[in-house]
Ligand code: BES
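Below you'll find only one chain, the form predicted alone, shown as structure tokens.
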């Protein structure tokens, strides 16, 4: 390891020039963090925060228990702790000794980086100190979204939620914000007495009169899984270890939609080993939540856009549950290795769906997944098409494509095709057991794969082919090609409709699932005759559908076909929900024409303030919008 002291003004900072990691997965270098795990690592974290809805800030302190890294350290690095921060008001840093003494510790914030934020560099005069940072968030803290009562389902109370993934935990807690470091935590949250606070930890089942809540997460987690929500939230039990949190007016609908949660947990346990997080609960978020779901351990955050009323979108729930094994239990060490979280999870998701809802349902979702991947491959540069990403100098959000998700799942499906399901299931079960509560890189996985699958099947699995999957762009020759007879029928039906051989009434689509509608609409030409659009809409009322997945695909078709009757619903959809997947695709389609871009800019100017930072960062770039 080589380290140098860097100064600016009267300040000082320890910069890492390079180090040789001899401890494997514990010391993977993460270029999205200022942290130096080879010197010090957080092993336990304690939060004590007050939620101030009037000022829209959190105030309080975080106390960090540290352990030394495993590398040889210079005296300077031994006495320096570097934390990640972004837009935090750091007020004081104190060292706590074992005998209860407090020592004021000198600290300095380093230069701002537009992606990474600022390093908080703390001098440690002696070993064995606990470090306490007193701080407040600011109105620029990107992980926090503060909602007015009118932005919630109940319209009566304000709401706060966090979104830490990928590197936004540092904007509400000063910590080592890298997936390579795992820690346990406790928290005390003080809020208004009429609101409930919940976290990615053990959770209360009801409000208390003081508005004070205590949490504990005994299993070590990475920083991006730190999560907090505060609002008018109630709970309904599903099984002895599963349940749903939501605003009262949404709770019954959500509990009915997710009534199969326990079946899903049991299905994944049967395949890949015991669920190790105690409870599995779900929190239905306000409509502005930027993602379909976030796999915060013990408490998945889920967008209300998945509440279709017929369980046709619960594959998202299966996906977030699967993260309890792939991602939460075994985690990518850096965001370049994101596919280790998401590719495994998509594969597990479809195995869960097959167990609970049947093989045809899982096949349809696999077909649609590959179809989306092939479409995205056409627009991605070669350097963005490999499973191991190259995100140095770029935001991790640039890795949110179908590559880590669908290409990663296809890779595991490819291995299944070679060795058979029983062998692959045994391999994955061993993988989750051997690396539980650890973080690893693509190279670590490749080594495990060679030891445990390649060597026992040397004639079937070629090392060069494995490396092609992991490190080369595109899809290798012979990549799995899932097939659903039902979806093939629907593609043919779409051709007959376009040709005028049948009308919309002939489709007999009253009982079609989401997957069937997505296949049919996706098989239509990019631009349709208005007569055909009118026929579909007047017969099946697609513009008014409450299914967000179907609506998004329909609205994309409406934009390309210049179907005016849907433009009011388009504006409402862009206004009423904040899910990145839908907003990104719709805004991207709108900007392809002059009138469409004008419409997009007009809508965005009115709605931008209600979107989460994760959305505005993306849509600003699409529209060339400068706030």
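Fair warning: this is a prediction, and the values are worked out from it, not measured in the lab. Positions refer to the first chain, counted from 1.
In what follows, reference is made to the form predicted in complex with the named molecule, a form of this protein that is not presented.
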| property | result |
| --- | --- |
| In the predicted bound form, the residue from 166, 90, 466, 363 that sits within 4.5 Å of the named molecule by heavy atoms | 166 |
| Residue among 325, 185, 405, 280 with a heavy atom within 4.5 Å of the named molecule in the predicted bound form | 405 |
| Option from 428-436, 151-159, 311-319, 92-100 whose residues, in the predicted bound form, bring a heavy atom within 4.5 Å of the named molecule | 311-319 |
| Distance check, residue 292 to the named molecule in the predicted bound form, heavy atom within 4.5 Å | yes |
| 4.5 Å heavy atom contact, residue 36 to the named molecule in the predicted bound form | no |
| Close approach of residue 272 to the named molecule in the predicted bound form, 4.5 Å, heavy atom | no |
| Residue contact check: residue 251 to the named molecule in the predicted bound form, 4.5 Å heavy atom | no |
| Candidate spot 342, 400 and 579, all three touching the named molecule in the predicted bound form (heavy atom, 4.5 Å) | yes |
